[in-house]
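Next up is one chain by itself, shown in structure tokens, the form predicted on its own.
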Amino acid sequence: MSRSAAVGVLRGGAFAAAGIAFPFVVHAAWIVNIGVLTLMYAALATAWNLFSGYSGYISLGQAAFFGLGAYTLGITFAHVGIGSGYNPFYALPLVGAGVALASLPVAWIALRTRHMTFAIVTLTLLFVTQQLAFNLHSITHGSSGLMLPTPSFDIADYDRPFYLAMFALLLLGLGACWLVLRSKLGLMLLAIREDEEKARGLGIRVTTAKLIAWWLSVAVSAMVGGVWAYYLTFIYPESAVDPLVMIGAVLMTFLGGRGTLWGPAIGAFLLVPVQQYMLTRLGASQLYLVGYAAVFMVVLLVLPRGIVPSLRDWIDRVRERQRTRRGPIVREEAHA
């Protein structure tokens, strides 16, 4: 294992240990609740980055798969009876894999378009999914909403299982990104992002690479939606398929750094607590949305590449300056 890979593994291990310890150290329910929301957005942003960040295809329909995951788990409760407690968490891999598999025909058609056309197609998919949730009353109960069983967790630690489930999904998304970046698939996706026609000309199986990344991204998003639905115990179309969820995940990815491993999570850890504070203070007037838009404008103007790439560039410039300063001193000592 190379030195950089070993440092990455140690960094990931420290992050996992701190994240797991958090709900056992912090006992205030409202703080753990913010932790659940933060991890939810971090996992969604990481999942979005897994496809859009690496391939360059900007998807605006991630909330559709988040909502499909929520409704899939809710419908499974209603028609299969999988019980309460931890049982729904065991069903999450099937929910994620099923929603992702069902989305592949749509992805195959949508990925025949590019750039703004692809973004518009995925945004249309979001609103189509929302309208289906409204109109398929026999399955989703429409605007009346779908009720899920109340989790049988102790009231004092009610948020902890959901926190750990969201954290596990974030680790799953980060692990998938880490493996993709160090695999042939990652090289294929980055080549597609830089120049798809040239990548196709070099023999890269462009469609296959995009579909694999899409499947992974949708699977994680759907599982996050399932945990969120079980956490709230009640879902309806406006909240399950909410464009603001998608906007938040995309904004956090751009804030942290699109196409990086840690950027989306860093963006979520910075933005979600601020969002919750603004929502508490300004939620009744909806002015927190203005604050959201202001953050997006600042990111585009000040940090167009995001925090992680900008920080990496700054470190490289500092090292280059130090190397340049040392150069003349070394040459003078050699002449002496």
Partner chain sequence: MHQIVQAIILGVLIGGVYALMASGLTLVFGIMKVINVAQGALVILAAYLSYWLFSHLGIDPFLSILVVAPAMFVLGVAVQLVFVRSLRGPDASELSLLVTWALALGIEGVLSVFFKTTFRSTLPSYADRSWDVLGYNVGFVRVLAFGTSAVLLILLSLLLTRTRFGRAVRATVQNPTAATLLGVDANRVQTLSFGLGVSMAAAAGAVYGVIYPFNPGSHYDLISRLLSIVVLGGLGSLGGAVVAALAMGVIEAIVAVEISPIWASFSFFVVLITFLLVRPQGIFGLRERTL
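Residue numbers count along the first chain shown, from 1. Predicted model, so just to flag it, every value in this text is computed and none were measured.
Omitted from view is the form predicted in complex with the partner chain, to which the following refers.
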Does residue 90 reach the partner chain in the model of the complex if we count a contact as any heavy atom within 4.5 Å? no
Although the partner isn't part of this model, could you tell me whether residue 60 comes within 4.5 Å of the partner chain in the model of the complex, counting any heavy atom of the residue? yes
Answer with yes or no whether residue 127 is in contact with the partner chain in the model of the complex, where contact means some heavy atom within 4.5 Å. yes
Please tell me whether any heavy atom belonging to residue 146 falls inside 4.5 Å of a heavy atom of the partner chain, as the geometry stands in the model of the complex. no
Residue stretch of 129 to 137, 95 to 103, 146 to 154, 213 to 221 approaching the partner chain in the model of the complex, non-hydrogen atom distance within 4.5 Å: 129 to 137
Only one of 231, 167, 254, 77 comes within 4.5 Å of the partner chain in the model of the complex by heavy atoms, so just point that one out. 254
Give, in sequence order, every residue of 239 to 263 that has a heavy atom within 4.5 Å of the partner chain in the model of the complex, or say none if there are no such residues. 243, 244, 246, 247, 250, 254, 258
